[in-house]
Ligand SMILES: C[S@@+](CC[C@H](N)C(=O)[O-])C[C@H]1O[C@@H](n2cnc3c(N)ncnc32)[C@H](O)[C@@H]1O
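One chain follows as structure tokens, the form predicted on its own.
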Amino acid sequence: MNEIPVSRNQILNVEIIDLINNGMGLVKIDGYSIFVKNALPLEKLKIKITEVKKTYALAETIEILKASPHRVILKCKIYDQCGGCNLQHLDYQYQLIMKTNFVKEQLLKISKLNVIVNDCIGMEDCWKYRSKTQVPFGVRNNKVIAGFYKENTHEIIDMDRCEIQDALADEIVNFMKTIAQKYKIPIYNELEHIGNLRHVIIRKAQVSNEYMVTLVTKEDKLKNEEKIISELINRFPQIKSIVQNINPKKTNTILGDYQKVLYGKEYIIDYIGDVKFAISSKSFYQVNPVQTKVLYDQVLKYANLTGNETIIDAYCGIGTRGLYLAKQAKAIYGVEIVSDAIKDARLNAKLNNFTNAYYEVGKAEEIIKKWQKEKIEADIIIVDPPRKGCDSSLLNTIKEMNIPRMIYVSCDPATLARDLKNLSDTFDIIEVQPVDMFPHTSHVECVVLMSRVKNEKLRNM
């Protein structure tokens, strides 16, 4: 391609030909890609080019000339500004279809594998599902604001409610804005690195209905601390823990290293099924409790436990996934590089009186090799890596071991496809089950069943 066929601020009438994984509509002009926010396939739109790159351009919709039959009325009044959701304009059933197709496309395109991909499992109620809320605080026109960042910026979009977050969490955030204004709490300014209150994080335990509020501050001292605590717990008796996290650094990272409990407990208690978990302010805990059980039930189904299996749980976090399987397994061996997570995993095993769960801190590939030398023979290995996928050294270690079955839990279809390609010379990939953990966003989780030996019995589970 010699010339870019569009220019910035150019107005065009176009027809959307596809929906890509970040929820943007795709237009092609002479082979050149234009990505249009909040657009749907087969829609005819008047668009404005907002950014031009060498291989693609970005555009915004000025007018919908012909709408898709799958376009729905928006519930969120700040959807066009906020970067939290990107598929709310698409009918939910078609969101699930899109996610299923995206997983299939990534597996075929990246891994060159034509594997069984089941339909994405969605939610009956796809609103107000998030049990964790974290919002930055700021000041505009001498008024305290809080909300999400505008997409690809650090400009805070002030909000009163979020359609995918817990309703009481929204109330707590709004009340905290009022308190901050009332007691003249210095609000953090990230450009000048001045002020104190940076973020407010709210966690809800779905079953126990306990709430934890974490106030992230730049300084150790919090002005009018006792009055803030009194106001919060009197207004919201559901709050069982208030934590102050101190982050003095000029950084985009939300949490700092040091924190202290201002009120109540260090943990709140939640359940997945009948398994109890202690959740701290720093715990990694899935934010969609309803779909977490769906996800773990799928892992349990693929594990097909008889009570005699030894399971390695790599990237185990605070132990939620492995402990959900522990009652039906002989032993769980969990490994995680974050020491605080292992501390929580051991606590969670103790809370449930599980004596068959063992946890170690370290790199998965190194700890698993140590276990192998200790003659710990696993029947199943479960991996649940971060978005970047599994470390290649871990995959090589797994391939070298004689573990009959592997279950891969993924939050990114592209890195999943890459890792499955690596593993496909050692494992038979039985099937892939997408699960919608984040309705109204383009994210999709997958559970993959693999067997070292082709096994038709597994296929027919």
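No experiment lies behind these values; they were computed from the predicted model shown. All residue numbers refer to positions in the sequence shown, first residue = 1.
Below, we turn to the form predicted together with the ligand, even though it does not appear here.
Is every one of 286, 296 and 385 in contact with the ligand in the predicted bound form, taking contact as a heavy atom within 4.5 Å?
So, yes: the whole triplet contacts the ligand.
Even though the partner isn't displayed, in the predicted bound form is residue 364 close enough to the ligand, meaning a heavy atom within 4.5 Å?
Within the cut-off, so yes.
Is residue 316 a contact residue for the ligand in the predicted bound form, using a 4.5 Å heavy atom cut-off?
Close contact exists here: in the predicted bound form, residue 316 approaches the ligand to within 4.5 Å, heavy atoms only.
I'd like to know if residue 336 sits close to the ligand in the predicted bound form, meaning any non-hydrogen atom pair within 4.5 angstroms.
Residue 336: contacts the ligand in the predicted bound form.
Counting only non-hydrogen atoms and a 4.5 angstroms cut-off, does residue 321 reach the ligand in the predicted bound form?
Yes, residue 321 is a contact residue.
At 4.5 Å between heavy atoms, only one of the stretches 336-344, 128-136, 86-94, 189-197 reaches the ligand in the predicted bound form; which one is it?
Among the listed stretches, the partner-contacting one is 336-344.
Residue by residue through 214-240, which ones have a non-hydrogen atom no more than 4.5 angstroms from the ligand in the predicted bound form?
Contacting residues: none.
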